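Let's start with one chain on its own, the form predicted on its own, as C-alpha cells.
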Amino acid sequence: MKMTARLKLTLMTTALLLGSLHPSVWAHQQAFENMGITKPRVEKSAPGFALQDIQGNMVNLEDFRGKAILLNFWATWCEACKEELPSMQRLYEALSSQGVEVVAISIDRRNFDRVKKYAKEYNLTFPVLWDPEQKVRKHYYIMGLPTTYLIDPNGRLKGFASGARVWDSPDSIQALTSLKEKL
C-alpha cells in the first residue's frame, strides 16, 4: 500500500515536470532528432581557435560570442561537403540577422587558392576559415567530413552531425533558432 502511494506520487511529479516544460524544449529536441544531430553526453565549452579567413583576416571563435553557431568542417576534395554548401549559404542568408552564424573551416592542407576558388564558386558570404595544419580539426575530434557542430550563444557544444545535411530545412532552422532561446 505504502509503495503504491509512493509510486503514484512519483508518477504525478514526473507528469507535472513534463507538463511544465516549455513547448520550445520539445520543438528543440524534435528538430535535433529529425536532423540526426547527436547531443553530447556531457555538455562542455567549444574548443577555442584563431584561424585565417579567405580574406586574410584572423578570426577567433570568441568573435561570435552571443550567437548560435553552425560550425562546419569541410574540404575541397569532399563531394558530400559540396552538396551541403549551398544550403549553408541559404541558412546564413535567412538567419544571420537573427543572431545565427555559419562558419566553415576548410581542412585542406595545401592550396589556399583552391579554398578561395570554392568559396567564390559557391558564392559563400559566411566566414570561411582555413586550418592547413588541422589543429582545430583535432581539437574537435573530426574523423570524417563533413562534420558540423552546433554551438549555443554561450560557447557550449550542443550537438554535432556527421555527413551532409540540408541546412536550410525547417528542422535545421528550428534547431538553430532554438539555441538562441534559453532552454
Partner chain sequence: MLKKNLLSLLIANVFLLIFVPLSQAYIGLCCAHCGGNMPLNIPGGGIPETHEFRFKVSQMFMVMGPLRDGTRDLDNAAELLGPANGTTFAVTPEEMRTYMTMASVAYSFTDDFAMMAMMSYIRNEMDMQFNTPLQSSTGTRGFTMTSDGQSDLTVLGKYRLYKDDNLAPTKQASVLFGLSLPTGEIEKEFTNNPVNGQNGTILPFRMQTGSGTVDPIIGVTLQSSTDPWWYGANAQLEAHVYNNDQGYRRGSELRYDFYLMRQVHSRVVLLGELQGWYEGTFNREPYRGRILGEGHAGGTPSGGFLSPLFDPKNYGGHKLAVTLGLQFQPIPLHVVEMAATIPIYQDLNGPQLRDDYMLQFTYYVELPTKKSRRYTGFKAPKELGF
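The model shown is predicted, which means the values in this text are computed figures rather than measured ones. Residue numbers count along the first chain shown, from 1.
FYI, the form predicted in complex with the partner chain isn't displayed, but the following is about it.
- Shown without its partner, this chain lists Gly144, Gly56, Gly66, Gly48 as candidates; in the model of the complex, only Gly144 has a non-hydrogen atom within 4.5 angstroms of the partner chain.
- In the model of the complex, Ala94 stays away from the partner chain, with no heavy atom inside 4.5 Å.
- In the model of the complex, the partner chain sits beyond 4.5 Å of every heavy atom of Asn60.
- In the model of the complex, none of the heavy atoms of Ser169 sits within 4.5 Å of a heavy atom of the partner chain.
- The partner chain is not drawn, but in the model of the complex it has no heavy atom within 4.5 Å of Met88.
- Heavy atoms closer than or equal to 4.5 Å to the partner chain in the model of the complex belong, across 86 to 112, to the residues Ile107, Asp108, Arg109, Arg110, Asn111, ordered by sequence position.
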